[in-house]
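The chain that follows stands alone, in the form predicted alone, written as structure tokens.
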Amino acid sequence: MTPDAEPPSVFPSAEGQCVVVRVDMNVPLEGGHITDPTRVLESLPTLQTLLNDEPRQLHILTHIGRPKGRRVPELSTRVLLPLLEEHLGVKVAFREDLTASDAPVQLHENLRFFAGEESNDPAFRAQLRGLSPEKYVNDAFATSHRAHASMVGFHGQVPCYAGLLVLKEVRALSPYVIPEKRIIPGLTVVLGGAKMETKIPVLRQFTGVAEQMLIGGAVANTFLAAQGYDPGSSLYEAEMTDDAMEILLQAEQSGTGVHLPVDVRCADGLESPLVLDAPVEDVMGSMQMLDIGPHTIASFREIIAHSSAIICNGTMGVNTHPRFAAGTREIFTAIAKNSGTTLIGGGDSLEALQREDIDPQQFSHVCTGGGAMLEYLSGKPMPGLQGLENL
């Protein structure tokens, strides 16, 4: 289902140059082993393209996890070395700091071991520039919405370019960021998950753009509470109900159909022995809405089947528990089977695809960054993308 188009333009040759490339290899780890190498594999085309140019030196910068400026040995980027050497076919030297050796290809320690990375400290930016690059390549779309030192510290100092992954992400998402609001026939936006705050800008952006919006997860709970339904003991954000009502009113005025659950899968807790499907108006007391119900699944699937383009971010319930995974599984499977353009992103969404054994190749595009995807689609400026010469 990959859209037909010309390949994106590539950055100029790096032959004989010292190049710094910022990638996103924030891989999941368990017991010191990489459980999903997708983010490493997605970075390989850019790294291989740079190596084919025979640069004088290639410095690879990335992060893993959230060490918050401390050295956490189990989050060391050293774990990436075997995978990189296997796929690139070259020796990769590991640097425990941000200084250069004579090695042609160097992987540096976790950027987030250094407090200056996330705070964008000027001294840390200067330290990064001490690698003396003649070119900087950003191939970390997933962190391009963050003004971190490694994302913006080279801008205006050396020529800066987007890597192939960033170009691919922008190419997939940009058709849905339009300056003037108009309904795109057949466009359906599916949003779920737990964080209402991250979804509000996208909901506002697509009100008057998407023909349909399907809302599940804890985000839907907040909308239901805004409409006067009793959320029981469900996770929802009471302080966001006014925002939810505003979006519903704007959608009604602009012609976007907003679809919320009509029934839900409930329990008194994740480990409760009793699970039942109930209409949303029957939820009360200690009941928790933990997944969308069968009638909602059927309704959402019908809308998806008649959509020509689908953008999805977030799960429909607590899909890490098998008893509350049906909504996410059924909706993601329906999107995967759609013959139109299908875009999906978000860490929880990608983990759900793996958990439910849904082939990511069935989607037109799988976005490597959930937060970055949401911010890009909401039309917000992306600090890491500003100043890149080939965007």
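All figures in this text were calculated on a predicted structure; none of them were measured in a lab. In case it trips you up, residue 1 is the first one in the sequence shown, and so on.
The same protein has a further form, the form predicted in complex with adenosine-5'-diphosphate, not shown here; the description that follows concerns it.
- adenosine-5'-diphosphate in the predicted complex is not approached by D36, whose heavy atoms all lie more than 4.5 angstroms from it.
- When adenosine-5'-diphosphate is considered in the predicted complex, R301 lies well away from it, no heavy atom lying within 4.5 Å.
- In the predicted complex, adenosine-5'-diphosphate sits within 4.5 Å of a heavy atom belonging to N221.
- Using a 4.5 angstroms threshold between heavy atoms, S150 stays clear of adenosine-5'-diphosphate in the predicted complex.
- Exactly one of the stretches 93 to 101, 178 to 186, 150 to 158, 192 to 200 approaches adenosine-5'-diphosphate in the predicted complex with heavy atoms within 4.5 Å, and it is 192 to 200.
- Out of the listed residues P133, P261, G314, G163, G314 is the one that sits within 4.5 Å of adenosine-5'-diphosphate in the predicted complex by at least one heavy atom.
- Put simply, of L235, V79, V72, M245 only one has a heavy atom within 4.5 Å of adenosine-5'-diphosphate in the predicted complex, and it is L235.
- By 3 Å or more, the C-alpha separation between L377 and K195 grows in the predicted complex relative to the form shown here.
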